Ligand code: NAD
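Below, in structure tokens: the form predicted on its own, a single chain.
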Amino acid sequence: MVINIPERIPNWIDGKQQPAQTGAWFDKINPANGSVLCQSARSGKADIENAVLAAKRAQPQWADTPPVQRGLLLHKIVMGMMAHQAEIAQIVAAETGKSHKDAFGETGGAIQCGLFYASEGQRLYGKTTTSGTAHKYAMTVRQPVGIAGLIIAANTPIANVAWKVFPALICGNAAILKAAEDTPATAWIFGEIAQVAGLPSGVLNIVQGFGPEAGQPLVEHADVGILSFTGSTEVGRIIQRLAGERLTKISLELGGKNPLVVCDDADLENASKWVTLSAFSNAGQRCASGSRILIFDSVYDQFREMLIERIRRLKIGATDEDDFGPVINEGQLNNMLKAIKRAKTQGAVILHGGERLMDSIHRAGFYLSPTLIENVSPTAEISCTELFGPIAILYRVQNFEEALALANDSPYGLTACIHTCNLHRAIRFCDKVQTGVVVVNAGTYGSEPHMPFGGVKQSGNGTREPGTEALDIYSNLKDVYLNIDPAQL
């Protein structure tokens, strides 16, 4: 299969492909085999400055374009994505190591997201309401913030692009997307599709590079009115601190250590399927990954054996016959291995996996065997730290109350799931679990593009993307009061 990735991935600034101002490049490594896939522009502060200047020039005219017309143009971008879905999927697969099948499905999700927001151009609602004063009329209208700085992760790269770019643009902002350094070509091809669709130059600028060199100047730039970041809680704190100094609007979608509860009345076969998918699909590289599995004591031993048997059947690799692929880079892999090693020294029992795959098929890539752990304290480091890999921990609980308490005993609060046939338990769990998303009898992931996604505690700052709630992030509300004089009628 021929993959159309340029040898060098440039920036998209002001409608043109440009290298970094310094002329520097960095290697993008294929995580499936360790080879150099391409080189990417290693951008810095000067490139961010150029992107901001281009966005400032383009944004007023884009804001003056009626929202319906903006939506029609975004629809053309979506049609371009549909026409090139297979090619986008090839690039996503090559950059992440996931199968083409999974990458194709992810691209389909990005297309759905784009269609949703393109249609929102016809529904960019304010509201009309009443006034307490005679002959006075009150309403609100939505207006763009100005320039949106968008910083994304590499785990689902084309979906992450769509989740931020489409709502930012439909609201009338110009955008600067700082692409994930591990998936530069995915962002690049989106920029090419947008350019071919006729998006005005400067409305969307895509800058490649590393976080400290390109991301931080974007965060610190005084002309960026809204910052949206998806990534680790650690980096989210830095962004909150830097951008908060100038009272910039900030949207943070951060990490998770998500609980999945298996009750004594659960369909154990279905539960084991969804635990496996939640913990290991996409190599566990989801903020919504199910990494804490809370099992009622009465079914613990039986369920553990069912889960181990299911995990043993998993196929690891980058083909459509495989269940999941490598983690995104070697640094991430090494961090996971160190965390597992520290847990073992503290008494953790490795039920399956825990090591890098070093056979002839896998040794050149960044593959971690699906890892299942028990005998870990809920307060241990590995219980409280997002690892972003195919690692899950089993915990034994006595009853529903203990399960709920342990589910909430976490610094994170992104997603949660419960498997039960008891309607009362399900509703109580949905009501009381401290997360932004909760699921009954499926997985900890699977949010849809028309629904708000985000978390509480250290999983975010209370904002929600996507859904119509994202429009509140990328637009400002203005109150409008109209006063009339009846004598002038």
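The first residue of the sequence shown is number 1, and the count goes up from there. Remember, predicted model here, so these are calculated numbers, not experimental data.
Beyond what is shown, the protein has a form predicted in complex with this ligand; the following relates to that form.
Q: Can you check whether His419 is within 4.5 Å of this ligand in the predicted complex, heavy atom basis?
A: Outside the cut-off, so no.
Q: Please tell me whether any heavy atom belonging to Phe366 falls inside 4.5 Å of a heavy atom of this ligand, as the geometry stands in the predicted complex.
A: Judged by the heavy-atom cut-off of 4.5 Å, Phe366 is well away from this ligand in the predicted complex.
Q: Is Cys287 one of the residues lying within 4.5 Å of this ligand in the predicted complex, judged by heavy atom distances?
A: Yes, Cys287 sits close enough to this ligand in the predicted complex that at least one of its heavy atoms falls within 4.5 Å.
Q: Is it the case that Phe453, even though its partner is missing from this view, gets within 4.5 Å of this ligand in the predicted complex, heavy atoms only?
A: Answer yes; at least one heavy atom of Phe453 falls within 4.5 Å of this ligand in the predicted complex.
Q: Looking at 108-116, 271-279, 204-212, 305-313, which lies within 4.5 angstroms of this ligand in the predicted complex, counting heavy atoms?
A: The contacting stretch here is 204-212.
Q: Among Ala89, Met336, Ala153, Ala348, which has any heavy atom within 4.5 Å of this ligand in the predicted complex?
A: That would be Ala153.
Q: Quick one: of Val235, Cys263, Ala243, Ala343, which gets a non-hydrogen atom within 4.5 angstroms of this ligand in the predicted complex?
A: Among Val235, Cys263, Ala243, Ala343, a heavy atom within 4.5 Å of this ligand in the predicted complex occurs only for Val235.
Q: Taking a heavy atom within 4.5 Å as contact, would all three of Ala168, Val437 and Asn476 count as contacting this ligand in the predicted complex?
A: Per the other structure, none of Ala168, Val437 and Asn476 touch this ligand.
Q: So which residues in 385-400, when you check this ligand in the predicted complex, have a heavy atom no farther than 4.5 Å from it?
A: Going through 385-400 in order - heavy atoms within 4.5 Å of this ligand in the predicted complex - the hits are Glu386, Phe388.
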